[in-house]
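For reference, the chain that follows is the form predicted alone, supplied as C-alpha cells.
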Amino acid sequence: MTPTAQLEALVWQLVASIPAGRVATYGQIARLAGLPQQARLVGRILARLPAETRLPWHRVVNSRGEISNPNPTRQYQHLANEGVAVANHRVSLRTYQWQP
C-alpha cells in the first residue's frame, strides 16, 4: 500500500469512528491522524469520496463548526437526521463535538 493510500485509509477509519449525532473538525481528524496543521488535506481526501460512499463524511465540519461543503444541503439533512442542530449554518462544537 502506498503512503498516500495508507493516509487515506487512516482518515477514512477516523471518520468512520465518529458516532452518529456527533461531529469532528477537519483539524481534529488531521491531529488524530498524526498530521497537525493538515486540515485541508483531510478536506481534500473527503472531497474525493465517491457519491455512493457509506462513510459518514457529513460529520466533519470546519474549525468554527461551519459546513464548508460547496453543496451543504445534503450535509444539513444528514446531520439533522442524526439529531445534530444546525443554526445559522453552524453546528455547536461545544454541544456536538466528538471527544474520542
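Everything numeric in this text was worked out from a predicted model, so none of it was measured. Residue indices: 1-based, along the sequence shown.
Keep in mind that the form predicted together with the DNA is not shown, yet the notes after this line are about it.
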_Taking the DNA as it sits in the model of the complex, is R48 in contact with it (heavy atom to heavy atom, 4.5 Å or less)?_
yes
*Taking heavy atoms only, is S63 within 4.5 angstroms of the DNA in the model of the complex?*
yes
*Do Q37 and the DNA come within 4.5 Å of each other in the model of the complex, heavy atoms counted?*
yes
*Indicate whether R44 is a 4.5 Å heavy atom neighbour of the DNA in the model of the complex.*
yes
*asked:* Just to make sure I understand: among 15 to 34, which residues lie within 4.5 Å of the DNA in the model of the complex, judging by heavy atoms?
replied: T25, Y26, G27, R31
